[in-house]
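The chain below stands alone and is given in structure tokens; this is the form predicted alone.
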């Protein structure tokens, strides 16, 4: 495939008359998505979609222009290259960054993600398994229907093929498969309703790269029973207590905490002001890197797209930079931003291979990929034993954070009071709030590898026009001190 497409890109460039184009690149992608779901006993129509096209980049006298095309023939690519060159000429001396030959990737290689060439499941087999799972959500140990009023079981599968070529000899091919099972149940009695889900809302949580073996029906059956019973328990649970107390966050909520109060604030284009009129700015400034205490000495955060199976793994970013594991925060000190090669040159700071695009018709911008909190050495039982008065929270259900990614307020599906080192009653509507760096400085315990879960979200939005990308987050359970916790009646 790569050889054929490389010849096509070269032939397209050769069709152009002699021009002032100094460098060029072509990034092609093909995406195929499939989805199945059963809701309240009814199989919904399966969904399917596909998209294919290429983004062509031209550099003229140091200015960069783009043009996207769904016509990936030799003629179509040649026409897109000429349009990209026209835009580069329009930009001219007004370009924010002058492109250098070194900015055009010469990387070569192939990356095949896990499960891409694995066995397939038929649509009928998937629908049959989802019917079975959804029935478990409705009819568990407490008898048919009960107070359960809404149930959903679903599976989404997205296959992505990407290839890129450049005038500097770069040629890369990457093939990925993303698998996302989903279970959710809502219980209601009178004016009260409560829900539980597999990972914190529809398709947020248990999202990974891999094959259909991730659709483990036996395990999902057990999870369906747990989700149903916990939704029922929440109906009669008291509201979460309020006040300053210890907070134990499980990985499904840590995922959101990492994403919003570490990931987005560290995006270098945001720090440089590129997103301020849309997605907001950041409380982080360039001067903070290397010295700023972002969290306690227990906080260690890495950017790592090289982990097989995590949701945002790859070998090359969309600018052709080879992926590497990098420390963002080490022993609580802020070390580097999430900045791609061009942002690094603008800011004079080190960065990461995180130029990412959501589709064939979008240019890459600075994005999160796999952003992980490194595990400590404390078992979950010991974390619980350290708590005199606090709450354990699991699965995000709501979030709000200001436009500098500093002040936040998050809510969860599930809470358990911890009293004198022991898990106590379940509580509903658990919420907490804080300020990003102050919150991370209160980190007092980090779970061991036995507490780690590898999760992710396919819905990270940013950029104009908006780009939704997949982001992976792995985290252990983490304990925080003196957090402002409150219940649903406040």
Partner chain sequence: MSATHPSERAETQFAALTAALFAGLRGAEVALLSVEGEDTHFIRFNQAKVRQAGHVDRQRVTVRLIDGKRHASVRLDLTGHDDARRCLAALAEARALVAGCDPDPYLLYNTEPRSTRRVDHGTLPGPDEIVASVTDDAAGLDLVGIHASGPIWRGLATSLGQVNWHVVERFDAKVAAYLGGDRAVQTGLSGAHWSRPAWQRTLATARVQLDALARPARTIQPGRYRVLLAPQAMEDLLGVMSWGGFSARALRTGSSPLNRLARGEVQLHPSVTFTEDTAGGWAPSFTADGFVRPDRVTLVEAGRHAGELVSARTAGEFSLPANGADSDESPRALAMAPGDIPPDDALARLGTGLAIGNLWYLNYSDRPAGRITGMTRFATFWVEGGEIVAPVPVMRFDESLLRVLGDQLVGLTTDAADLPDTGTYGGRALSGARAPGLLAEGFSFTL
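Numbering follows the first chain given and starts at 1. Note that the coordinates shown come from a computational prediction; the quantities given were computed from them, not determined experimentally.
Keep in mind that the form predicted in complex with its partner chain is missing from the display, and what follows is about it.
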*Using a 4.5 Å heavy atom cut-off, are 33, 362 and 365 all in contact with its partner chain in the predicted bound form?*
yes
*Is there a heavy atom of residue 95 no more than 4.5 Å from a heavy atom of its partner chain in the predicted bound form?*
yes
*May I ask you to state whether residue 451 is within 4.5 Å of its partner chain in the predicted bound form, using heavy atom distances?*
no
*Looking at the partner-bound form in the predicted bound form, is residue 51 within 4.5 Å of its partner chain by any heavy atom?*
yes
*residue 278 within 4.5 Å of its partner chain in the predicted bound form, heavy atoms*: yes
*asked:* Only one of these stretches, 86-94, 226-234, 210-218, 325-333, has heavy atoms within 4.5 Å of its partner chain in the predicted bound form; which one is it?
replied: 86-94
*Which residues within 459-478 place at least one heavy atom within 4.5 Å of its partner chain in the predicted bound form?*
461, 462, 463, 464, 465, 466, 467, 468
